[in-house]
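Form predicted alone, single chain, as structure tokens, below.
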Amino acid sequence: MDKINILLVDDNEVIRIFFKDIFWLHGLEGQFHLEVAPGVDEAWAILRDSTKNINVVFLDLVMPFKKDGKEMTTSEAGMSILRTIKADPNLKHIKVIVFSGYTDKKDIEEAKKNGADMYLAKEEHLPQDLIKIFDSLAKQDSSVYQYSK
């Protein structure tokens, strides 16, 4: 069986370590390959690399990015990645799970409207919750992707 390729896009180093530790502590390296991008530009480099063959993206919404030559930190960074993935014929098969610390109803609705497969609030999901999602990914259980928050 091929490994499921997961991309975590998050500018928070603690979250990146958290994900890596979950994979290591629970022996998930046999089923999954985890790529990590600390920002928008790194995420695009990985997504556009056809050798990476990303299947699932865990996406933070609020990250620094450049717009009109200015550095900004808003949910537009994550939303732009989400919209582009879902609009690109070569990427739209990728499941996008928003994994954000922001639980504002407006952000959740916008993520849903833009095609997010799931919305998880960081502070509400413990490692065992993520393990259940990873198990569902391994089983290719589409019921995990019911839109939730």
Partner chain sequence: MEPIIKLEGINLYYDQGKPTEVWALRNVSLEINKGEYCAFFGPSGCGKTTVLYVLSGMESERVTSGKVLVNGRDIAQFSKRELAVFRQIGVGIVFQQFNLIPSISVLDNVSLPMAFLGISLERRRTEGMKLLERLNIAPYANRLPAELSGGQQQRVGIARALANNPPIIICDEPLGNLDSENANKVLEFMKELNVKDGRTIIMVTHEAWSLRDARKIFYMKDGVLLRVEEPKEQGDIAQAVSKLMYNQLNPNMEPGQVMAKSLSNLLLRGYSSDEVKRFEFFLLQRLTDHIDGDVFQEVLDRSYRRGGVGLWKGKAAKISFIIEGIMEQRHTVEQVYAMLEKNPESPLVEEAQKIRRWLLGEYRGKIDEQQQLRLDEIITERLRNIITAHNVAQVLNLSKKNFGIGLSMRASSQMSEKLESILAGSDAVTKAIKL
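Residue numbers count along the first chain shown, from 1. Here the structure is a predicted model, which is why all the values come from computation and not from measurement.
What comes next is about the form predicted together with its partner chain, which does not appear here.
A.B. asks: Within 4.5 Å of its partner chain in the predicted bound form, heavy atoms considered, which of 41, 49, 88, 123?
C.D. replies: That would be 123.
A.B. asks: To verify the annotation, which of these, 33, 83, 26, 95, has a non-hydrogen atom within 4.5 Å of its partner chain in the predicted bound form?
C.D. replies: Among 33, 83, 26, 95, a heavy atom within 4.5 Å of its partner chain in the predicted bound form occurs only for 26.
A.B. asks: Does its partner chain get within 4.5 angstroms of any non-hydrogen atom of residue 136 in the predicted bound form?
C.D. replies: Although its partner chain is absent here, residue 136 would stay clear of it in the predicted bound form, with no heavy atoms inside 4.5 Å.
A.B. asks: Although the partner isn't part of this model, could you tell me whether residue 128 comes within 4.5 Å of its partner chain in the predicted bound form, counting any heavy atom of the residue?
C.D. replies: Yes, contact at 4.5 Å.
A.B. asks: Which residues, if any, of 12-33 lie within 4.5 Å of its partner chain in the predicted bound form when only heavy atoms count?
C.D. replies: If the 4.5 Å heavy-atom criterion is applied to its partner chain in the predicted bound form, 12-33 yields 13, 14, 17, 18, 20, 21, 22, 24, 25, 26, 27.
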